[in-house]
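This document starts with one chain, in the form predicted alone, laid out as structure tokens.
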Amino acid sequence: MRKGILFAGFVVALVVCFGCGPSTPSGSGMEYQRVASGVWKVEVGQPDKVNLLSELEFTPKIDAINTLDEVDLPVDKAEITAEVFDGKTYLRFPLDKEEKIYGLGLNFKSVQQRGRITRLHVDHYGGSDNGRTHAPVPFFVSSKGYGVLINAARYIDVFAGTSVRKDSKNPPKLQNRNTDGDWNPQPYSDNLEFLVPAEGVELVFFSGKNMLEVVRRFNLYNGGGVLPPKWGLGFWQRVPTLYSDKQVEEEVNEFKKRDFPLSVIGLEPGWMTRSYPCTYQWDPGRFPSPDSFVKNMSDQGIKVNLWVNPGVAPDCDIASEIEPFTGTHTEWNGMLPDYSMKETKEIMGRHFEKNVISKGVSGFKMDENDGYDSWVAPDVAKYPSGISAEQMRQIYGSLMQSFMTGLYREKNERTYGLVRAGNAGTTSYPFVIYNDYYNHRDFITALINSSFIGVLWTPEVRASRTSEEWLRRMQTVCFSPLAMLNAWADGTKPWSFPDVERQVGDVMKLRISLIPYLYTAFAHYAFDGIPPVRAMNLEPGFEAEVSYDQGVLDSTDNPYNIARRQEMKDQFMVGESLLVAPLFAGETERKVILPEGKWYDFYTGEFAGEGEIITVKPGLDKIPAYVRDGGIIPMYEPGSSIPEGPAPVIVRHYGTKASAYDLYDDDGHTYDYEKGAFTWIRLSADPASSKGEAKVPEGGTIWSFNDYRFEFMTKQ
């Protein structure tokens, strides 16, 4: 019933860790089985048959990993230990004094994870970085240039440089709180420890020349990044829950009337006859002719995306057929299908194909497959596949992603949608994580953290208290992996604040103009494993230390005088050369940390700084953005829609360096690119001579461009 991971061209043998009997430390006795360049597997004890990857369908891109130079692990293997004791697996990795740790889940408040204790557990994010989050991927990246995936579908405890062992080779300084003014409540720890509640575990090690190369290997091992259909990178609007087809059409007409971009319209639970639990069947009152409705949208260049959640209603057409393949517990009286089973996928697949996909629906927003313990099946639930409830909680969102992706792959159509839960192994799946937590600053931190763990995240817009906040949120979302306004509850529109309607329209149109650049960034994600939106810490030449504000001793609020951690978590890279630094409501200026090299203002081409911290006052109209010296940004001419055929492209060059850039092109909607149906167009620009050239390889097919106009943004 399980298909597991599909390895291209060879079978990787799993090696049982020798000498790892119960309560026996493995240490240097672990055997590292080479998988690819800079990638190794280790088995400790007796790992679970079900893990984060075993039930999913994707093909690791081993050939792409092998194009990267061979590198060794930059850590003494003898200092990596594993022990099976009391039915659990204890893991320990060494930590150098200045070493930093990133990853370990989709965190919303912290980027650097050293000094934190968490339990990685799929759940709705509740406002605290405690490990309960939508994508608690147990993968860490070290600033030393390596990373480890702890491939267990379990609730994993993490002690990231918090514990001090008696046998430490680097014991912290002994202090006396009575006499030492610099007494530290958290002494230096030289280890990173994990507790896995299983009698063994598979570890996958990744090494690299830098952290970005480590992340690239991890992403490629997980199938490479998703390449969404080109329409998926446009602007999305989700309508209120109970909208009818007529109301949706009126909203679409309003977008056109105001000349606002719109590529995808999202329908919320009211599209179906029953939700909470779901029938996944169109409501005949609100949508009497779904075929005509979807076709009408398609004829206007607009895709339809539908909300679903996992619970199958007892009055759904397939209720009796699917019931034997569901768990013992329900969600809002809905049966929970066991998506690890072949029978489940066949039954649910036929139902979705008949009622939805065959009508031309482009994809789904898969809600509430993450948590809130009082809503989802508890850990005492049982599933017909035999997978435990704990394991199912960790992989349920991943299973739904795999299932839905497969339905569209069968039709050779790319989809793009939203999901509330994921884990390791979902990198290649066409879904972006979202949630109901709505702190703008924390949204950006999550956007940054997503790039360490192989998932995508969107800081969607829903509502705002002021027009300033509204515009700042819209500016941010238009530089994210999926640009969406979610109006399901209150019916907000891009023009809900008239005093910033023009600015909102401008940034939405900028999003459309940037699609050649964004699509190319996603192509590098798919082929090379480079996250399209990524943390500054993954940028070569970037340095931003974690600092601490001195704590204030307080007998009730801070009895141990703990200092507050400060770190850079509000700027990020988009694609190869674009740095984005959002502002938040109430701010008129901010500091921007520029990596090494010269950087130029995205809008004007003027010199901004070189490897330094600058203070900027951009005004309300623009989100601060900068391009590295020699950076090339290909863009469509300004407009409110994505061109459907060949169109002119403006090639912007910044700075004084002559440079080149590979612009990606394919048909934009099928999987034919996986069979070689794509073209890289070489764009070369020399600012000294103000000359540019676009070179199409001999025999290359061009789908999207018919003219190249070079603009040298920086005046010489």
Ligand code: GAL
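Nothing here was measured: the structure is a model prediction, and the numbers come from that model. Quick note: we count residues from 1 along the sequence shown, nothing fancier.
One more form of this protein should be noted, the form predicted together with this ligand, which is absent from this view; the next part is about it.
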Answer range among 291-299, 211-219, 365-373, 149-157 for contact with this ligand, defined in the model of the complex as heavy atoms within 4.5 Å:
365-373
Determine whether any heavy atom of N486 comes within 4.5 Å of a heavy atom of this ligand in the model of the complex, and answer yes or no.
yes
Does R462 reach this ligand in the model of the complex if we count a contact as any heavy atom within 4.5 Å?
yes
With a cut-off of 4.5 Å between heavy atoms, is Y90 one of the residues that contacts this ligand in the model of the complex?
no
Contact between Y276 and this ligand in the model of the complex at 4.5 Å, heavy atoms?
yes
Joint contact, H524, P532 and Y661 to this ligand in the model of the complex, by non-hydrogen atom at 4.5 Å
no
Listed residue that, although this ligand is not shown, lies within 4.5 Å of it in the model of the complex (heavy atoms), from D499, D436, E199, E79:
D436
Between D442, E268, D629, E331, only one gets a heavy atom within 4.5 angstroms of this ligand in the model of the complex; which residue is that?
E268
Those residues of 306-323 with a non-hydrogen atom no more than 4.5 Å from this ligand in the model of the complex are W307
